[in-house]
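First, one chain by itself in structure tokens, the form predicted alone.
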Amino acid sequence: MPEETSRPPDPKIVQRVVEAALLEDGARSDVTTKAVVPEGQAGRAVIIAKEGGVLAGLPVAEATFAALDATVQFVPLVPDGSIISRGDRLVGIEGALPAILSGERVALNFLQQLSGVATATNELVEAVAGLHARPDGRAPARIIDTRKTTPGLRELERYAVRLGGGQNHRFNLSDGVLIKDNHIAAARDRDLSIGQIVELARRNVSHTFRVEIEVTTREEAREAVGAGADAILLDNMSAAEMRLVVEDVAGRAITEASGGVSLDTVREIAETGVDLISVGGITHSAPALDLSMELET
């Protein structure tokens, strides 16, 4: 697995997110476990897949149990990013049973959510697999994420996207210039054209930033590229329109397709020759993967 793909999420962010989730769940005040499980009782458990998909989130699940009891042994039986099938044993857990039981739901919530993101991403990646490099030698379209993430979980969900075979867009608003429809509306209110908006952004940010702007027509795309935009986001264009824009741009700017992307449409979009296909649904609408934890008595 490429190094960038397998790069784990920032441990400081993982710790912060895990602590917030454990606090929310009252895991250290688990009255049920305290009532029926002695503090010194040890045990073993296994996490099992109840459906197929792509596994993601093992570092987060491990951090969950470690936060409750550092002596709990968390042993992955398959690596993160693995294609898993129903019935597969994914993780062995051994140690203080109160910590295992109190951390069960939080750990599974993270694993199920992130595995769902990785699985949804992988489905789109596989749907465009096999496309050959374009005539000019550029690579086929790549599936990327957006900022439409669960608040507080962006670092983790972006990690899951990478495990699913996708790539990441900018992390936050400070990472790059992306002039969206409402920015354009605000500028239009001052009678600025698409080209003037691009030029304004170029003047007001460091030369190290890439300037990208959203366009909805072939004419806007031409104007944006003519003004020096580094990338253009083709918002809800038809495949036929995107193909014409790609021909017009001829590699002078990065082309990103956005809107209306699904398993049914993604390959047709990729075949237009765009560089990137951004999909908010892989993070904001991915169904959780069904996993469970069972004690081994």
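The first residue of the shown sequence is 1; numbering continues from there. Every value quoted in this text rests on a predicted model; they were computed, and no experiment measured them.
The same protein also has a form predicted in complex with another copy of the chain, omitted here; what follows describes it.
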| property | result |
| --- | --- |
| Of G26, G259, G52, G251, the one that lies within 4.5 Å of another copy of the chain in the predicted bound form (heavy atoms) | G26 |
| Interface membership of F209, another copy of the chain in the predicted bound form, 4.5 Å heavy atom rule | yes |
| Contact test in the predicted bound form: E104 vs another copy of the chain, heavy atoms, 4.5 Å | yes |
| Any non-hydrogen atom of Q113 within 4.5 angstroms of another copy of the chain in the predicted bound form | yes |
| Any non-hydrogen atom of G152 within 4.5 angstroms of another copy of the chain in the predicted bound form | yes |
| Location of another copy of the chain contact in the predicted bound form, chosen stretch of 174-182, 120-128, 72-80, 86-94 [non-hydrogen atom, 4.5 Å] | 174-182 |
| Residues from 183-222 in contact with another copy of the chain (non-hydrogen atom within 4.5 Å) in the predicted bound form | H183, A185, A186, D189, R190, L192, Q196, I197, L200, A201, R202, R203, N204, V205, S206, H207, T208, F209, R210, E212 |
